[in-house]
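Okay, here we've got a single chain as structure tokens, the form predicted alone, with questions on binding and movement later.
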Amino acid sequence: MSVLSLDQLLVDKNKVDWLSQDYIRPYVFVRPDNKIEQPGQRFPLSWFSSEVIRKNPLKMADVNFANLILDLEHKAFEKSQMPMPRWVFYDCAIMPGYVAGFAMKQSQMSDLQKSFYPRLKPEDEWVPISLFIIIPTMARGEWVAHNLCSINSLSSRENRFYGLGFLTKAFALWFANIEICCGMTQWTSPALRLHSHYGEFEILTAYTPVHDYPETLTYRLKVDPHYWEVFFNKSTSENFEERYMKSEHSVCRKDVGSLKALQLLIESGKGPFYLRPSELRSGSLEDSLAIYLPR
């Protein structure tokens, strides 16, 4: 598998110069028993060359790093009223899985950036500016993406780190050598465009009444860094039509009846069904999306 460097993909290389700065580094927040063996071996990727900051959530000395992760997460999700309870963070994320992201030296942060962290202390050298939580499942090789956010959602456009959210999830998938990733997102969420660019995007549920938000899409994808290239280089083809063909079905993201109809097709075994990432990227919420089948 040949994967291009970010420098080769981007016309404006300065967009991701933050990734090579010594005051920003990737981190993993994982208990010792969940340590990833031989990290970053599955995919030949040169994107993440900085030394990784490692924190242990079971050590009292690292508790404020957890507090800062939660400060960021709660701030990012307060408008959607979906902040993560602390016990969920520990019981459902830390104990079975791990957290990864990027951290920034406090000394390089603006006063506004610092204000997003109510529990920030002067002695905190590194401050998490993004987070991705991923949890292994009982299905062989499958992990579940639980939560993704970054400081970008709180920042003005000129103060954002280009691609921070996307690269946060990419780093975690790369670091843990993850082959299959499942996840949940809402049909009308802008995050759907991002999540669809990590691999071939299968729809497991189109309507999910067991969730607090029934208009939730459950997906599964086989991690493929070629799709990561497509995210950064819009002229690159994902070669999608070589493997998939349009079905006779489509879905309207804002129409509950349409979501239920697709769900019934899934339940009756008419799939598996897939979405095409480039159509998600270019379409509006009002557009119907084509549903694809394997050739």
Ligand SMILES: CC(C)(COP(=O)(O)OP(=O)(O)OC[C@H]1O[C@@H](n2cnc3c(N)ncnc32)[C@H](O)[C@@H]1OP(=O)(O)O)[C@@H](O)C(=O)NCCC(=O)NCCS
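Quick caveat: nothing in here was measured; it's all calculated off a predicted structure. Sequential numbering from 1, following the sequence displayed.
One more form of this protein exists, namely the form predicted together with the ligand; it is left out here, but the text below deals with it.
For the options Tyr207, Phe132, Phe161, Trp174, the residue carrying a heavy atom within 4.5 angstroms of the ligand in the predicted bound form is Phe161. Distance criterion of 4.5 Å from any heavy atom to the ligand in the predicted bound form singles out Pro190 from the list Pro190, Pro96, Pro83, Pro118. Proximity to the ligand in the predicted bound form, taken as heavy atoms within 4.5 Å, picks out 178 to 186 from the listed stretches 209 to 217, 178 to 186, 84 to 92, 101 to 109. Not displayed here, the ligand is kept clear of Trp47 by more than 4.5 Å at the level of heavy atoms in the predicted bound form. Proximity of Phe166 to the ligand in the predicted bound form: non-hydrogen atoms within 4.5 Å are present. Although the partner is absent here, Ser150 sits close enough that one of its heavy atoms falls within 4.5 Å of the ligand in the predicted bound form. Taking the partner from elsewhere, Val223 is found to have every heavy atom lying beyond 4.5 Å of the ligand in the predicted bound form.
Although the ligand is not shown here, in the predicted bound form the stretch 192 to 216 places heavy atoms of Arg193, Leu194, His195 within 4.5 Å of it, in sequence order.
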